[in-house]
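Next comes just one chain, in structure tokens: the form predicted alone.
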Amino acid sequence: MSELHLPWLELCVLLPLIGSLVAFRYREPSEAHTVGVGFSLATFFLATGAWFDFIYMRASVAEDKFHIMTRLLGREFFQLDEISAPLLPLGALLFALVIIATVRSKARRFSFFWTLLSEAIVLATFSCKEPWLIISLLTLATLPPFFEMRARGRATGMYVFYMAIFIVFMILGWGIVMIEERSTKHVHTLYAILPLLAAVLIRSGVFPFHSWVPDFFDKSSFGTALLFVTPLTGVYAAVRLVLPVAPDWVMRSLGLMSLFTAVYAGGMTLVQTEGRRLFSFLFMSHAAVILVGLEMATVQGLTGALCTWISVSLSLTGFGLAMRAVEARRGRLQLTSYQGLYEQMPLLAVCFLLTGIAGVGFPGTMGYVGSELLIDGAVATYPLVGIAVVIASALCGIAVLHVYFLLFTGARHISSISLRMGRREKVALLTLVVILFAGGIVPQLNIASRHHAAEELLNHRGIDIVNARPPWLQDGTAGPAPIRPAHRAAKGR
């Protein structure tokens, strides 16, 4: 296995962990904010360094130099591969921008201690492939939002119920998988697959396990809710826990449920009268579309789903930050009448619109390329699925335009104080807008990276990637032989 040139992964996890302890010492929100910005930015630079190092090495899997964890714990837990390499800087960037964009009025209700601790957990999750470690980290990741809601005196019953069954299903499902691995069974039973599938559906907010998402956005701080859902760790759980063991019909079931959720949640965005509820249904629709793409057994469709994963994370974070900035000035957003805020906050209005339409694949943005690949892959395999994905995206796009017109047009709002964006908010939102459009204008690096990751995923599922390639790549030459999962190959399956 290849070695990175530095222990990037361990530093990416250790630095926000230290930052959380430092932030805990400061009672003054402005001082804790400064600590949070410093540590989150340093973590982002380390994560980006790990990604560039991985690209430079042209490795398929790489682990840290010096093997510090092997010396301390006896084995290496953190690794980068084609799937997780860009997710590491993506996760670090989301945390850094949300922390930077936190204004003083929000800083008193936003815990920098729990946020930096959550960042360490998310980056550790993206850095490992070991199923039990991923399950442990996904379990730990549910605790910071819980403690924050408790500290604010908000009801946590629904969140605790759904997260508890999410954790139980993960442990139960993978425990049965391990038992069956020791037997002579060649195919995993429903007793193993269904709990894992249910866990992924719960964490991703797929119908009928979605009711905790709007409630969670209502009860927690907007920044915490954003960082809990936008890295899409539920999709990561599907990739690491379900895809390697699930038969094709289970993946088709996941795709059908996700497809229904994408259209249903897209339709629900049109009838919401409260800003956070609209955002929660927008998240559910986008996450479901990515899960639909994971079910596809073609390189093209799977590449589109992985590209959409990155663009949706960025655009949803930007849209959420813009909505959070309006909330900081107007309170909870009621979408029942025109508010005419454009004259008071023109740059914020532009960022709100651009990040919103980027999430539905507007031409020229990063999401356009991923959506096109995903829809083309779906239409080539299942035409009706492609049509449903288009309908879901159209519904979300209409909802974004509808809420934009309600908030920023239709009336004249007069204010005696300036409502324009502050410097922190400008830095965070403009950074996301630039990345979204740069990714649309120069998409080659992202597509090439996600194409390799798609081929790796199909190899893990035992699918011949030559026949799974799009028609223009099927030139009759022999491609790499499909790679069978190591644990199955060892048993001669």
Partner chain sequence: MPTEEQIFRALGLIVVAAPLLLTIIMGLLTLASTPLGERASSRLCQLSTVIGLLASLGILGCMLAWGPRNVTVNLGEWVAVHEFHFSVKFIFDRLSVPFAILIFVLCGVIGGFATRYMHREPGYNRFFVLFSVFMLGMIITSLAGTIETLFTGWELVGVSSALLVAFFHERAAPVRNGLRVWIVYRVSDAALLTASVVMHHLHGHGDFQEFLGVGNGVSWPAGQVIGLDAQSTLLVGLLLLIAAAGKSALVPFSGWLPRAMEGPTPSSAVFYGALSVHLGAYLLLRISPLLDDSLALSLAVMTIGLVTAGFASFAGRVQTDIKSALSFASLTQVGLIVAEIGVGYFWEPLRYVALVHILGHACFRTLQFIRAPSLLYDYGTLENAIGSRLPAAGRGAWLPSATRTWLYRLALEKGYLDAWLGMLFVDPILGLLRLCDALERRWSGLFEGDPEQPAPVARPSSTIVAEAPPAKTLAGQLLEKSR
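Nothing here was measured: the structure is a model prediction, and the numbers come from that model. Positions refer to the first chain, counted from 1.
One more form of this protein, predicted in complex with the partner chain, exists but is not displayed; see below.
Among V177, M149, A198, A380, which has at least one heavy atom within 4.5 Å of the partner chain in the model of the complex? When the partner chain is considered in the model of the complex, the option within 4.5 Å is A380.
Quick one: from L143, L347, V168, V187, grab the residue that has a heavy atom within 4.5 Å of the partner chain in the model of the complex. Contact residue from the list: L347.
With the partner chain left out here, work out from 65 to 73, 52 to 60, 34 to 42, 443 to 451 which stretch has heavy atoms within 4.5 Å of it in the model of the complex. In short, 443 to 451.
Proximity of A155 to the partner chain in the model of the complex, heavy atoms at 4.5 Å: Within the cut-off, so yes.
May I ask you to state whether V390 is within 4.5 Å of the partner chain in the model of the complex, using heavy atom distances? V390 belongs to the contact set for the partner chain.
Heavy atoms within 4.5 Å of the partner chain in the model of the complex: does G267 have any? Yes, G267 lies within 4.5 Å of the partner chain in the model of the complex.
Determine whether any heavy atom of K129 comes within 4.5 Å of a heavy atom of the partner chain in the model of the complex, and answer yes or no. K129: no, not in contact with the partner chain in the model of the complex.
Even though the partner chain is not shown here, does it sit in the model of the complex so that L194, F222 and L457 each have a heavy atom within 4.5 Å? Negative, none of the three is within 4.5 Å.
Using a 4.5 Å cut-off on heavy atoms, what residues in 400 to 423 are near the partner chain in the model of the complex? Going through 400 to 423 in order - heavy atoms within 4.5 Å of the partner chain in the model of the complex - the hits are L401, H402, Y404, F405, L406, T409, G410, A411, R412, H413, I414, S415, L419.
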